[in-house]
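We begin with a single chain expressed as C-alpha cells, specifically the form predicted on its own.
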C-alpha cells in the first residue's frame, strides 16, 4: 500500500516511525510515498512536498492519512482525496464530528473508504468495537472519560490538593495540555468525540451545537476538591449520552464517583469509554487516549484493515431522533454564593457547609440552565453525582 501523509507533527512522526520499524509482516506492506507539509519545510526531507495536487494526481498512492487537525485545510483536503478515489484515514475529531455523514457518503460514491478509529480514544480500539457491538445489539448508552488532559488535571488535584492553575501548568510542561487548553478544559474535545460515538451508535447525525449541554472544569478549585474528599467522591469530566426510543440525551459535565467505581480508578492522562448494548450489557475500554504512538497505532490499524479488505460497519446516519435532556434525573452538587434553594423551589435542595448545595433529582437541562444564570455574577461549580444507572 502506497500512502501519503498530510502533516508531520507529533502523530505524523509516530506513523512514520511505526511503519519504518517493519516490526511485523503486515507493516512491511505499508510504504509512505509522500508527506504534505507547509512550503517552508519542504527542503527538510526528500519525501516532503507542498503540492497537494501532485499527491492527488499520483495513481500509485491509494490512501491518504490526514493528521493536520482542525477544520481548515483538513476539510477541503479530505474531500478532494475522496473525490480523487483515494481512501482516507484520519485522527481529526473536529472535522469528523462536523462532516462524518458527508465524508461517509462521498467515500461510498467514489468506491473508497473513510476510516477514523483514532479520532476517538486515541490508541483505544473504541470505534471498531462499538461497530462490532452494533452488528448484534442496539446501543442505548455511551459514557466515559474521553479527554486525557482534563483527567490528568483532576487526578492531580485529587492526589495533591494543588490548585487548578498549578496543575494546568504542570500538564502543559508535560505536553498533555496545549498553550491554549480551552478545548480540553471546556469540554469541546469531548463534545467532538461524543458526537462521533453517538452518531455511530444511534445511526443518526449529531454535530457540535449550542443545544448540547456542556460544562467544563475551569471553575473547580482546591476547596472543591477538599469538599469532594470529605464526601468520599472522586471527580471526573464525563461525556455521556443515553437513548430511549426516539429520544436521546447528550451531556458533558464533572461527575462524582465513589472510590470503588471504575471511573474513579482511571488515573493520570488515561481515557475510559464504555457502552451498554442489548445483549452484551456494559462493555468498557481503558487506555492511552492521545500521544504520538498510541494515536499512530490506531491510524495504522485502519490502514491494515484497508490492506486486508476488512469492511467496517455501514451507517447511513438517517435515524430521526430528538434531543431530550430532561428525561434523566440525577443529584447534583452546586457551589454558589446565592440561595440555590430559593432559585429551585420545586426541588429538594440541601445546604452543605460554606456555599455548597445538594440538589436532588433534577434534569441535566434544568441544572445547566441554573448554572448559566449563576454565571452572570460568579464562577459556580456544577457536578453530577453518579448513580451508575446509565
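Residue numbers count along the first chain shown, from 1. From a predicted model like this one, the values you see are computed outputs, not experimental measurements.
Beyond what is shown, the protein has a form predicted together with a small molecule; the following relates to that form.
Contact annotation: of the candidates 87, 255, 149, 90, the single residue with a non-hydrogen atom within 4.5 angstroms of the small molecule in the predicted bound form is 149. A heavy atom within 4.5 Å of the small molecule in the predicted bound form is found for exactly one of 227, 176, 75, 317: 176. For residue 196, no non-hydrogen atom is located within 4.5 Å of the small molecule in the predicted bound form, even though that partner is not displayed. Within this chain, residue 155 is remote from the site of the small molecule in the predicted bound form, having no heavy atom within 4.5 Å. Contact annotation: residue 290 falls within 4.5 Å of the small molecule in the predicted bound form, judged by heavy atom distances. The shortest heavy atom separation between residue 117 and the small molecule in the predicted bound form exceeds 4.5 Å.
The stretch in contact with the small molecule in the predicted bound form, judged by heavy atoms within 4.5 Å, is 181-189, chosen from 181-189, 258-266, 202-210, 279-287.
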